[in-house]
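Shown next as structure tokens: one chain only, the form predicted on its own.
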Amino acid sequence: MKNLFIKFLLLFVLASLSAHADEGMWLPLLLKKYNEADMQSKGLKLSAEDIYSVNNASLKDAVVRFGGGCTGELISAGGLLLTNHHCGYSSIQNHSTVEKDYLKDGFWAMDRNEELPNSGLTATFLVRMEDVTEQVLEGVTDEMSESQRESIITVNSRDIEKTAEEGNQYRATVKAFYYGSEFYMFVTETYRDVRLVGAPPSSIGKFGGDTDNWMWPRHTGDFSLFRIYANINNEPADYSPSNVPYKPKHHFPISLSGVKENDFTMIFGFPGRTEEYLTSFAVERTLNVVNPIGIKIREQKLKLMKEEMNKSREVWLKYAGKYASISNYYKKWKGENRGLKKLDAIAKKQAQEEQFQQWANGTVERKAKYGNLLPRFEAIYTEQEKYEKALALINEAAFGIDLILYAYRFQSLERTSQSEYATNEEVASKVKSLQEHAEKRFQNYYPELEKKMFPALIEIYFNETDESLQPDIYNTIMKKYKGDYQKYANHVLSKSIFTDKGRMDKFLSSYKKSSVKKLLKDPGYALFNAIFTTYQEKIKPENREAYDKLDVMMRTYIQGLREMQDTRIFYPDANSTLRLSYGKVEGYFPNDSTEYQPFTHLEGMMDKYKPGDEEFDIPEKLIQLYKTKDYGRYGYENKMPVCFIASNHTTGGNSGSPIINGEGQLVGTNFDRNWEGTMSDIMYDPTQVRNISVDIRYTLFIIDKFAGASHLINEMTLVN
């Protein structure tokens, strides 16, 4: 009876979680159908058409995909763009030197002539989205194989994309949803001239550093400003001094009223990836196999990097961005594992699967289609585990070695050189590209760190990879170097072209097709080649076969879940397409004896203040503004708000997303999740999951009162 009660309780909790309104990353195209009434009942004053429209200016026209993996929002009629400090970090770093350290001291362009161009940085707008499921699946039948199905889908998708791109400068992409049950086309427009306008010093933009990352309470001014430029016709163009500020269809008015507890909020952005419908077998592998590998290896990387970065500011500048990137998901995975365990996620998934199995066995038709799904899931995940582990070790350990990652870039040169059809011009083009990259690469290369990182990571890789999946070079290391990884690393680092700019310049400047023999003999390239070849021949085929099977099974499984729970709205997993989430401003209880309020203030930042500390130092000017309470129109009741949390469902890619109130006004900029809620990529818990945002009033306060860049405030639309 006790076991039956526990199973019933788990099913009840699971049903409660799936029905919670704050969960979900919704397609703007479908807001009218699924969400408008619910959102309006919670405080939205707009219509679905105000949020997403093809024919009229709407909120979506003020939201961009910033660079490769963040979100940004337009906050002026002159193309001024707001995103996170950590999203603009690499651009700020690239412009920084020891003499002009914009990471440390901040940067503010006092007029548009001082705004700094950023090669390769883009801002991409969504023009429209369209349900193209019927067109994509035309010609697909239940009887055909998965490869036949994929072939037809690929051809149909390309035809749809080609038609959408004809006669315009847009880019069309068809993406699969629900593992290939539905398909939507996204038509986008990308601007290529994006310039740095302003960034606070890291003591504001990264206040709290790695200690506070993923944590609440938070006091981080995680924002930076850029501007989109266009040609004279307001069209995308490569960087040119003659370009002019982009004129957006819509920009966000900014609320000076702030938010209060239980206020409605929504977030618009480009969330990267979630996996909310995974089976218990997949969650178990993430929890017990994949995440622990990443956590262990990144912990070692961070330790070694920190030791060298602390030796000089020059080294710190070389590796600051890379360190932050490695640290981010290291801490995220630790929080995700903690959250999944606390939620008892595997047991909840198993309870749902037991319910699904009973439902599937309820009729002959359902049993034939769904009855054997769960046992097949279990068998595939069991068989595939060693291959998935090997892949994780390659990604985290082998490709965590700078030399191996760099050598990967030369694979195209090798293939071109060995092709009898390749011309000398094609080879020369590859060489030129590598020469250009080499200049940038060696600027941020520090040999002393690589001498420590190389042997540590290669030892983890070889020691923990299944014996049957070891590359052949492992035997050479064992015989020739007696398993001494440091000795092997010293040999590679001292001889390889990938570790010395002089050797690399000499190699590339005299390169011709026959030089590929020297490349193949290079000890660094030989190591990369051995690992990559093993991946291609032993790991990739097994994983590909398993993934193909799992995708088909997941498509079928979700179809079954939607039939079984026919009153539930199943939002699609995130896949880097524009989504809207909504919730409310609210605190939470991280444990039974602690309550977190939803707001932080400058006073709390001062409580954390540690003079001279890398993470918790505060600029003197900000201290003086606090002491005099000189907050201007941005403070309230003699306090300066800094950050707040809400129950909006977010993930990676939502960094920089606008936090919008019920009237469509900007109230904050999303930059993180709380540690207790990092498992929300797999399972959402309404009592724990919170997104963390910079209060827009703090952003304005820093721009105006701290930086003295009031000219930027003057071009914004402020609403009292």
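In this text, all values refer to a predicted model and were calculated from it rather than measured experimentally. A residue's number is simply how far along the shown sequence it sits, counting from 1.
We do not show the form predicted in complex with ligand ARG, though everything after this point is about it.
A heavy atom within 4.5 Å of ligand ARG in the predicted complex is found for exactly one of Asn575, Asn213, Thr188, Ser203: Asn213. Across the proposed site, His86, Gly209 and Phe671 without exception bring a heavy atom within 4.5 Å of ligand ARG in the predicted complex.
Residues with any non-hydrogen atom within 4.5 angstroms of ligand ARG in the predicted complex fall in just one of 635-643, 454-462, 115-123, 213-221: 213-221.
Residue contact check for Ser515: none of its heavy atoms lie within 4.5 Å of ligand ARG in the predicted complex. The shortest heavy atom separation between Ser693 and ligand ARG in the predicted complex exceeds 4.5 Å. At a distance threshold of 4.5 angstroms between non-hydrogen atoms, Met504 is out of contact with ligand ARG in the predicted complex. In the predicted complex, no heavy atom of Ser255 sits within 4.5 Å of ligand ARG.
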